[in-house]
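First, one chain by itself: the form predicted alone, in C-alpha cells.
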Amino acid sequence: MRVYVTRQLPGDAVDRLRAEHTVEVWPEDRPVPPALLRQALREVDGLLCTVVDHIDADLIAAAPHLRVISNYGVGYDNIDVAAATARRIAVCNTPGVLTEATADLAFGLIIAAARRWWEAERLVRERRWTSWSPTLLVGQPVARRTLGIVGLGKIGRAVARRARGFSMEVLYTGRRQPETEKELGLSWCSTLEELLRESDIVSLHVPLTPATRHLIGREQLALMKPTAILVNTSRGAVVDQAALVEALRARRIFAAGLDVYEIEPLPDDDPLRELDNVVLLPHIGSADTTARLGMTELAVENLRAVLNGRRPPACVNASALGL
C-alpha cells in the first residue's frame, strides 16, 4: 500500500515501514504546503502526519483510498475526526509515550516563570549583570505553594507527582478521581473558579475541544492572585491569548509560561514578545529523545496495524473500524 509521511522522523521505524509498503516522506523541515499535501493524498492508503498538519473534511474528501490517519502527537484537534469516522478512516495518536517529557517541561516552565529565569538569562548574555543584589530579579517561591492542575490526565498526574518533591499542595478540578487523590495527596475543587482563586500556580493539561477553547479568559484570569503564574503546555487556544496579554501587561498576574499558542509559530508582531513576564517556548513539550523515538514507534505501529487489518494500539475513533 502507499503511505505518505509529512515529516522526517527520528529512529528507524519508518525504514521498517518501507519494508512492507511504498512510503514517501516529505523531505523538508517545514509543513507540507496544502496544495502538495492534497495532491499526495489522492493516491495513498495511509497518512502519518504531525500536529501542525491540518487534516480537515475537505482534505479527507480528496483522499479516496485513505484508510488511516496516524497523528504524531497525543492531541488530535488538527484532524476532523467526525469527517474521518464518516469515511471509516481510523484516526490514531501517540498517548503515554510523551507523558514524562511534557510533565518535565511543564514543571520547568513553572520554575522558570516563578524565578524569572528568562530575565536572568538575558541579563547575563547581554552583559548587563553588574553585581549581586538583594533586590535583583526577586521572584515567587515554588516550594510549599499551591499548584492547581486543570486536566488530571496522564500528564496532569505526572506533574502532580513532581509537585510532591516540592512539598506543594495540589488541587485539581474536573471529574473526581478518589484513588488518585489518595495516591498523590490531591484535593478536588468542584469548580474551575475555586481552583483559580486558591492556586499560586495553575498548569493546564486539557485537550482542545469546543468546551475547552478559551477556557481561561478575562473572567478566569481576574480570579487569579496577583502573585499567580499560569502555565500552558496543552494547546494554545485553551487560553484567550489577547486576555492573557492584557493581564500580564497590567500585572494582574505575576507571570506565565507558554509552550503553545493560538497561532504557531508565534507571529513576529505578537504582543507576547514584548512582555518581560512571560516565558515563551516553541512547542517543545515532547522534545526529548525518549519521547520522540517512542512517538515515532507508536505512530508507525498504529499505521501498520490498520493497513495490515489489525487493531491499532491507540485509536481515537475505534467505531470507524467497527471495534
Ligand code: 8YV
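Please read these numbers as outputs of a predicted model, since none were measured by experiment. Heads up: residue numbers just count along the shown sequence, starting at 1.
What comes next is about the form predicted together with the named molecule, which is not displayed.
Checked against the named molecule in the predicted complex, the residues Val51, Leu37, Ala63, Val278 give one hit for a heavy atom within 4.5 Å, which is Val51.
Between the named molecule and the residues Gly73, Gly139, Gly151, Gly108, the one pair within 4.5 Å by heavy atoms in the predicted complex involves Gly73. The named molecule is not shown here, and in the predicted complex it never comes within 4.5 Å of any heavy atom of Arg162. At the 4.5 Å threshold, heavy atoms of Ala256 stay clear of the named molecule in the predicted complex, well away from it. In the predicted complex, none of the heavy atoms of Arg67 sits within 4.5 Å of a heavy atom of the named molecule.
Among heavy atoms of Met295, some come within 4.5 Å of the named molecule in the predicted complex.
Per the 4.5 Å heavy atom criterion, the named molecule in the predicted complex is contacted by stretch 279-287, the sole one of 266-274, 279-287, 54-62, 28-36.
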